[in-house]
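What follows is a single chain, given as structure tokens, in the form predicted on its own.
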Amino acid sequence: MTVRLGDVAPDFTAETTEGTINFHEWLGDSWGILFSHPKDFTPVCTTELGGFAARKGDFDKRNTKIIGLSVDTLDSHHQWKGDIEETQGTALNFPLIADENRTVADLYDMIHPNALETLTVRSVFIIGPDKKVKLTLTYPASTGRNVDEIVRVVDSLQLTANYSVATPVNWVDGGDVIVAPALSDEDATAKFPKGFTKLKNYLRITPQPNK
């Protein structure tokens, strides 16, 4: 099954390091990040889980829940938690799904035979409060994810969900944004009292409207 942008994120029930969850129920009215790991006790994954745990407060501020997944067992996950805390200096503080039967991995097409025949690749799914998939990213097993980039994308998705804007290259929270092309200049003037700069008819820049 291929999960595309705009699809409703597949629901599932799974065992995690924080108990049994029903995914949609667990998300509630929050945003969510589901990200997979090829295997327990692997070096890159260990750093990633510690890195995301260290930044959990940033995701909490954004009403965004984090949940990881690996195809190993719950017992293995609990053993791995000790290594994560010891080597990364931060205890795991979000659920890690035990997907030994690859149920969730198959639902989200996390196993790519050309990359890893039996293990999940490093997939990231950002899901909105409407339970629809807003972003997908896939990394090779050798490349760790960038937490700053995931936070930046959440900021962009939440901003553009509420205002008629898009975010330009290398945008970070607080930076200027692009007026949606669908808005006329007249509508843009009404919507953005700080004004906008027209670089081209199709490229108009305005200060971030919620700052």
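The numbering used is simple: start at 1 and walk along the sequence shown. The structure displayed is predicted, hence computed values, not measured ones.
Below, we turn to the form predicted together with benzoic acid (BEZ), even though it does not appear here.
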### Query
So in the predicted bound form, does K134 come within 4.5 Å of benzoic acid (BEZ), heavy atom to heavy atom?
no
### Query
in the predicted bound form, does S30 have a heavy atom within 4.5 Å of benzoic acid (BEZ)?
no
### Message
Considering non-hydrogen atoms and a 4.5 Å limit, does benzoic acid (BEZ) approach G50 in the predicted bound form?
### Response
no
### Task
With heavy atoms only and a cut-off of 4.5 Å, decide whether N146 touches benzoic acid (BEZ) in the predicted bound form.
no
### Summary
Exactly one of G174, P181, P43, G57 comes within 4.5 Å of benzoic acid (BEZ) in the predicted bound form through a heavy atom, and that residue is P43
### Task
Check each of A91, L74, L107, A141 and return the one that places a heavy atom within 4.5 angstroms of benzoic acid (BEZ) in the predicted bound form.
A141
### Task
Can you check 166 to 174, 151 to 159, 57 to 65, 34 to 42 and let me know which stretch has heavy atoms within 4.5 Å of benzoic acid (BEZ) in the predicted bound form?
34 to 42
